[in-house]
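Only one chain is included here, represented as structure tokens and corresponding to the form predicted alone.
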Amino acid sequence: MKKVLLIIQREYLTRVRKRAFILMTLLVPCLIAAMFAIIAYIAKQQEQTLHKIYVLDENGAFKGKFHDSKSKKYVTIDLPLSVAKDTVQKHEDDILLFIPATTDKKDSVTVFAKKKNTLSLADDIQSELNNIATGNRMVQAHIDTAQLHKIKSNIVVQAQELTDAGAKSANVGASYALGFAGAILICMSLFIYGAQVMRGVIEEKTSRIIEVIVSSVKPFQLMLGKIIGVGLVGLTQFVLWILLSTIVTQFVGGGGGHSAQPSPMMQFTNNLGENIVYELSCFMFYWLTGYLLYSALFAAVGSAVDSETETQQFMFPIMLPLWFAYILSVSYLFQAPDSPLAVWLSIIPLTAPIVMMVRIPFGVPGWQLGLSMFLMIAGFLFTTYIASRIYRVGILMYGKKPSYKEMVKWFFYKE
């Protein structure tokens, strides 16, 4: 155990002292904050773009009934259609809305513009037209639209979760966002830090340093120390990112801490309420166990090859369960979190880190969560055992391109 701890210490300190690690740890939260600030600025600028919409109404039923907004200004014109088209062509942001005398046909109304309109703008114009047309028909049917608007309700549904302690607020949106963000982070980090383990093994193998190292420690001890050491580096970086991101968003969102308005991070945390501790604990567990499980496989691949170019044939089968779980979670599982497929994928160790994070916001029975966690630990021990059997042989193999058949033989070699 003492040798394993020394290897962990070496792997950890070597990486956290690198300039690249320090720079990335400090820069990533700032870059993320800058990215969101730029997106918000661009969205705001886009909203400030004023589109002048010329309304050529041959019907006359829509005249003077359009409502202006910050991004749209309706101007009624009475010109021939050809002249109106020439007017619109002079400015890129101008639009011509042509309403013919009869609007009974589905595609009778036409919008002319010099450049293609955005979907939101087209939907706004279409919605405005339908509202006016509906109002006109109500008047024709002798329905008092003013009274109709007065009695129109505006009910907002508030979600409440029933617990043994009573009903409490259940902000599903915030919980789901945290769970889904956790699934994305786990998927990305397993690949990034697992690849670091694999790359480190390849570098030591190709430089022949490994021949000196294995004279003092067993290959299993070396592999375990490398996996845990790099994992602690990733964990350190994640914790620092969370802390620094909180500080940056607090400063940016709260105006340097002098504003009465809470920062977006604080608002998000408040919406989560009591769930934040539970979900963050689950995230840390599945990140750690998922990393340990996949890194053992990455270490086995790194020991079997002589360069990174040879890893492609082995990387795809390893990453396929993660990609499968992520794509399925985005497209289907979040809509059916209690389906048999979601339950089984959240229990199987290779897919559990992704699928369970998507299921947790919707409530997971205790026995399913406990079984999944137990199998994650068992899966890590099992994959570590398999990887160590391959690692002990492959780490000393040079100049031979391995195959799956060859790696199976390495597994069954005696000590």
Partner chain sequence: MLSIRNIVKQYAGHTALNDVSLEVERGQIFGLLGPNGAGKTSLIRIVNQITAPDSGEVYFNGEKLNQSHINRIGYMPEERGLYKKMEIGEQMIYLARLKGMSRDEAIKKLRYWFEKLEIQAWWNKKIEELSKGMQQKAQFVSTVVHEPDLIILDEPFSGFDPVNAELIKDEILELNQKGATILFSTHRMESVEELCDSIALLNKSKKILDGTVKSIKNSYRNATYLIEYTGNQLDLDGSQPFNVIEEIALDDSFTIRIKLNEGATANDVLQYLIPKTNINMLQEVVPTMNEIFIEKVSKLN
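Positions refer to the first chain, counted from 1. Remember, it's a predicted structure, so these values are computed and weren't measured experimentally.
Although it is not shown, the form predicted in complex with its partner chain is what the next lines describe.
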Of I213, M315, I276, A177, the only residue with a heavy atom within 4.5 Å of its partner chain in the model of the complex is I213
Of E203, D338, D86, D144, the only residue with a heavy atom within 4.5 Å of its partner chain in the model of the complex is E203
Given a 4.5 Å cut-off on heavy atoms, tell me which of 297-305, 186-194, 69-77, 214-222 is the interface stretch with its partner chain in the model of the complex. 214-222
My question is simply whether L396 lines the interface with its partner chain in the model of the complex - judged by any non-hydrogen atom within 4.5 Å. yes
Partner proximity in the model of the complex: H149 to its partner chain, non-hydrogen atom cutoff 4.5 Å: no
Its partner chain contact at K401 in the model of the complex, heavy atom, 4.5 Å: no
Quick one: does L320 come within 4.5 Å of its partner chain in the model of the complex, counting heavy atoms only? no
Determine the residues of 380-414 with a heavy atom within 4.5 Å of its partner chain in the model of the complex and present them in sequence order; the list may be empty. L396, K409, Y413, K414
